[in-house]
Structure formats: structure tokens, C-alpha cells
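Consider the single chain below, provided in C-alpha cells and representing the form predicted alone.
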């Protein structure tokens, strides 16, 4: 995927950190994919196809799924949503996934997370055929990533790398600190950064002197899942700060406030860190936009492998 790059960094009026606009970068990706799909369809190929599996009625998941479906429609990917009741059994969901695995007209399968507590997330994700695993979370695809072999890569880590490239943020030879060691973000983004010749340190909740380690980072990727934990004392002046966290705050002053208007923050104290950092991603409007764009990239990658068979 050749993602266009830009020098149009968004700088705040007071001269503090430049904002890495995920929406702008994602739109460049979407535009390129739209043109690519149109060429395939005009040559007589079928459209790419993605199926999203949603279990239960989690409000946040509903929003995420809606955005994914709308993006598919925007760029020309056929999409369908398979809904399951929140009490659906493991056997019922696995049977549906096996059916999708066998369907040659489906290129990508995505199970929206989180799943209800009674369902075994790992077993369900592992049941998706690796060549249709557009979330990039199957052990086979994670293995390809760490082996340096092209394949379906986790969307958020892939989106972080794409966002850094879009804004010409140097990675090669840089000291990068990743807070978080999950299979969803922390480990795979570390692997991708290593492929870009960065020197990578992975930190977590048991890391000693965490803030001191973070202050050494040229690029700080925060995927801790802890609301606003990173402040100005954690950041090296001029560093690039990538905030992967997303948290919806309750507003006790207005209990009737709708969830759609709830304040959203990340793992970083944005207003405090912005004057220190050289570059920073906003929440929302940063990494999240790139995650959806990379889901589309993965779907097209899977589609291209399928139509070549």
C-alpha cells in the first residue's frame, strides 16, 4: 500500500505540538483504495466483500461497526453485518464463522470486540480462516508479522505506522517506547517498528521507572488502556506521542447527557503534553481513524490474494 505523504502538519496557534490528523491520513488511504477497487470492478472482477460479526448490543461496538460499514460503502466494498444475541452460544458463533470461511465470495471476516464475557474470545478469533482474518489477530498472521513476511497485520499497529509515514515522522534508528504488551496493539506495533529499524522498548504495568524510560523516547506509543496516565513529565521535549487509548468520561454535572456527547479522552493528558511534544495524535481523530482505514487495506489485500487463485 503506497500511502501518500504530506508536509501539511497541523500546528496549534501557540506553537506547541503539531497535531497528527488521523482523519486526513485515513482519507488519503480511502481515496487510493476507491480508485483501486474501481479498476478491478471495471476490468470485470467482482467487488471485495467483508462480513462483520457483532454479538450483543454494546453501544460503543454499534458505533464502531456502523463506521466500518459506512467506510466499506464509500470505497466500494460489499459488506454485511451478522448479528447474534448477547446470549448466543460459542457453538452458534463458531458454526457461523465456519460457514463464512467456506464462502468463496467473502474476503474478510471481522468479529467486533469485546465479546460478551461468557464467550472464549481467543477460540473464536482463532477459528477465522487466516486468509480472511482482516483484523490480523490469528496466530498464523501474527507469526508472519514477527517473521517479517507480508500478510494481514493488526489494524491499529498498521495504522500507527501508516500515520507516521504520512507525516514524515522518521522511524529508522529512533528510540521508541511502547507502553502496553497486548497482542492487539503493544506487541505487534513493536514488531512493525522493528521492521522499520527502530530501537524498541516495550513497557507495561510492572516496568520499574516507567516515566524515566518514557522520557528517553523519540517516539512514545501509549497503549496502556489507562485513562490519561501519561503527563508532561513522561515526555521528552520534541518527541512524537501516539495515543492509542480511548475512554468515555461520565459527566456528573449533566446526567441526562447522551453518550454521543460524552467527552472522549486517551491514555495521554493531551493539553498537558501538547506544549512539550513535537507531534501528538488527538483523541478522537487520531489513531482510531487509521484503524478503520487499515481494515479496508487488509480487506483489499485478502481480496487480491483470493482473486489471484
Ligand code: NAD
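Positions refer to the first chain, counted from 1. Computed from a predicted structure; not experimentally measured.
Beyond the structure shown, there is the form predicted together with the ligand, which is absent from this document and is the topic of what follows.
Enquirer: Using a 4.5 Å heavy atom cut-off, indicate which stretch of 166-174, 87-95, 126-134, 181-189 touches the ligand in the predicted bound form.
Expert: This holds for exactly one stretch, 181-189.
Enquirer: I'd like to know whether residue 205 contacts the ligand in the predicted bound form, with contact meaning heavy atoms within 4.5 angstroms.
Expert: Contact check for residue 205: yes, within 4.5 Å of the ligand in the predicted bound form.
Enquirer: May I ask you to check whether residue 224 falls inside a 4.5 Å heavy atom distance of the ligand in the predicted bound form?
Expert: The answer is yes: residue 224 has a heavy atom within 4.5 Å of the ligand.
Enquirer: I'd like to know whether residue 69 contacts the ligand in the predicted bound form, with contact meaning heavy atoms within 4.5 angstroms.
Expert: Outside the cut-off, so no.
Enquirer: Indicate whether residue 246 is a 4.5 Å heavy atom neighbour of the ligand in the predicted bound form.
Expert: Answer yes; at least one heavy atom of residue 246 falls within 4.5 Å of the ligand in the predicted bound form.
Enquirer: Just to be sure I understand the contacts: of 200, 161, 210, 100, which is the one whose heavy atoms reach within 4.5 angstroms of the ligand in the predicted bound form?
Expert: So the residue touching the ligand in the predicted bound form, by this definition, is 210.
Enquirer: Hey, with the ligand in the predicted bound form, do 51, 78 and 115 all fall inside the 4.5 Å heavy atom range?
Expert: Checking in the predicted bound form: none of 51, 78 and 115 is within 4.5 Å of the ligand.
Enquirer: Are there residues in 278-293 with a heavy atom within 4.5 Å of the ligand in the predicted bound form, and which are they, in order?
Expert: The stretch touches the partner through 287, 288, 291.
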